[in-house]
Structures are given as structure tokens and as C-alpha cells.
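Have a look below at one chain only, the form predicted alone, in C-alpha cells format.
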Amino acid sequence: MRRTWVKRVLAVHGALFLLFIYAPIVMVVVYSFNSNPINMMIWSGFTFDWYWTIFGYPTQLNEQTLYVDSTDRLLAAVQNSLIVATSTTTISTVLGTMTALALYRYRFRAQRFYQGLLYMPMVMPDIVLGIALLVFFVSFGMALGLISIIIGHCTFLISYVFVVVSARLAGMDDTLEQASADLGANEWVTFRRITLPQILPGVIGGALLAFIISMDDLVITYFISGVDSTTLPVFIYGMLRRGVKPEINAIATIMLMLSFTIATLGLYFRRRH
């Protein structure tokens, strides 16, 4: 009976924990369809108008009020986010995969220390890393913009790709590479036809993870972005200063669905044999 009581307590605790985590997210999604343009907490009816509003399409609701400053500014923020995320993902995936392969194949004295340095950006608070990057760019006289954001994102996203690819390398069969070498294949052919296909799910999973983290990053981007390089999270943060409006819920829901889709694909490719 004691074990049964403990199981019930743990089950209730788990349910309350999940409710605490996901209830606010569910509320954002639900209220993004609320037709009340003044107070989003008062349900007035179901509508898709806020989703049309953020893309500049006329509706009956946005004739009454419009909280998005400019559709052009919103689309520019989306474009900046996509540019940063695509560039960062490409660079981080290449460098993170190369680093994982190097540490997997070679042994040297400072290897443990080097691995610890790679984990540091992941455990370091975002605000500390953001301030450090800002001081670094200002010290070297580098103008803040898309380039500074891409460099800043790469500093910690390389670590994420490194961890995912390293986990994939740990389960790789080395005998296939040895057989390829015995059959006369050079290192490049072995990598292209043996090594890369085995670690490709991990590489794709790390790339998708880096893409979604870059798209969603706010704290670090807020410190190292310039005037004309506003990304979507920074744009939403600026809108929140005037209160939570229906358009913000719609934008957040779209980002949530995108993040969920990409994260699901990343987990799928990471676990794929």
C-alpha cells in the first residue's frame, strides 16, 4: 500500500508539472483565435483574423485596431531571422561536425580540457554570453548587425552540433572504415561513402536543432543586434512592451508550430538508424 501511495503522489506531481509547463503555451494558442481586440482574456468568439492581420490582409477586426506597427517591419524581421538562422546553421554544422570527428579520431593531452571548453557555451547563462559578445565586438570596433549576430550564434551553436554528432559517432561501427581502407579506398572516399552516411542522421539532427535555437534566440541577439538587424524574437519583445495583444499570440503560435515541427524532425533524424 505504501508503494501504491508513492506512485499516486508521483503521478499527481508529474501531472501538475506538465500542467505548469504547458498550460501557458496552450493559453497563448487558444487566445490567438480570440476575436476580442481589446482584452484577450475575455473570449468574444473564434476568428482567424489576427493571423491575416500580421501579414497585412484587411479584415473586419483590424479596421477597429491594429497593433502590428508595420507589416513590412514584421516581414523584414522574419527575413533577418531566416538569414541568420540559415547562415548560422550552415557554419555551425560544418565546424561542429569537423570538431566532433577530430576529437573522436585523435587523442592529445588537452583533449578533456578542450571538450570542457566546448560545453561551456551551453551551460553559460545567455545574458553573460550576450554581454561578453557585446564587449568583444565593441572592443574591436565591429559594427553590430547581421554579421555580429551570426558570429554570436555560432559561438554556442557549434557546441550543440558537436554534442549531437559526438553521440552519433559513439555508436558508429569502425570496422566498416577499416574494411574500406583494406579495399583500397582513400580517406575522402571512405568518409563520403562510409562515415558520412552513418553519422548523417546526427548531422541533420544537429543542424535542425541549431536552426530552431537560432530562430528563437532573444537574449543574446538583443545585445548584439544593430538598428537595422532586428530579428523576429526581438521584434516581438518590442511589441510586448505595450502589452500582450492578439497579433503577438498569433505570431507566437506560428513560431511554436515551426519550432515543434523542426524539433520533431531533428529527433527523428537523430534516432534514425
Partner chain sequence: MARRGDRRRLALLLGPVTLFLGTCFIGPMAVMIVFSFLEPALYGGVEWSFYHLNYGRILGWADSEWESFDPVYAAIFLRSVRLALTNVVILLVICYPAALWVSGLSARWRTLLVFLTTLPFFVSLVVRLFIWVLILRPTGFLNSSLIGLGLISEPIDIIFTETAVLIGMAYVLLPFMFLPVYASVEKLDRSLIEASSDLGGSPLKTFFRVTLPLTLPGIAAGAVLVFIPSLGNFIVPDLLGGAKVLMIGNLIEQQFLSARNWPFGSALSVMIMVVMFVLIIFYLRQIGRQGANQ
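Everything numeric here is computed off the predicted structure, so don't read it as measured data. Numbering follows the first chain given and starts at 1.
The protein also exists as the form predicted in complex with its partner chain; that form is not presented, and the subsequent description refers to it.
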- [ ] Determine whether any heavy atom of Tyr222 comes within 4.5 Å of a heavy atom of its partner chain in the model of the complex, and answer yes or no.
- [x] yes
Task: Non-hydrogen atom contact Tyr51 with its partner chain in the model of the complex at 4.5 angstroms - done: no
Open item on the list: Taking its partner chain as it sits in the model of the complex, is Val84 in contact with it (heavy atom to heavy atom, 4.5 Å or less)?
Closed with: no
Task: Contact test in the model of the complex: Ile204 vs its partner chain, heavy atoms, 4.5 Å - done: no
Task: Heavy atom within 4.5 Å of its partner chain in the model of the complex - residue from Leu196, Val138, Leu183, Val189 - done: Val138
Task: Heavy atom contact within 4.5 Å of its partner chain in the model of the complex, the stretch among 164-172, 196-204, 100-108, 72-80 - done: 100-108
- [ ] Within 4.5 Å of its partner chain in the model of the complex, which residues of 122-144 have a heavy atom? Give them in sequence order, or say none.
- [x] Val123, Met124, Pro125, Ile127, Val128, Leu129, Ile131, Ala132, Leu133, Leu134, Val135, Phe136, Val138, Ser139, Phe140
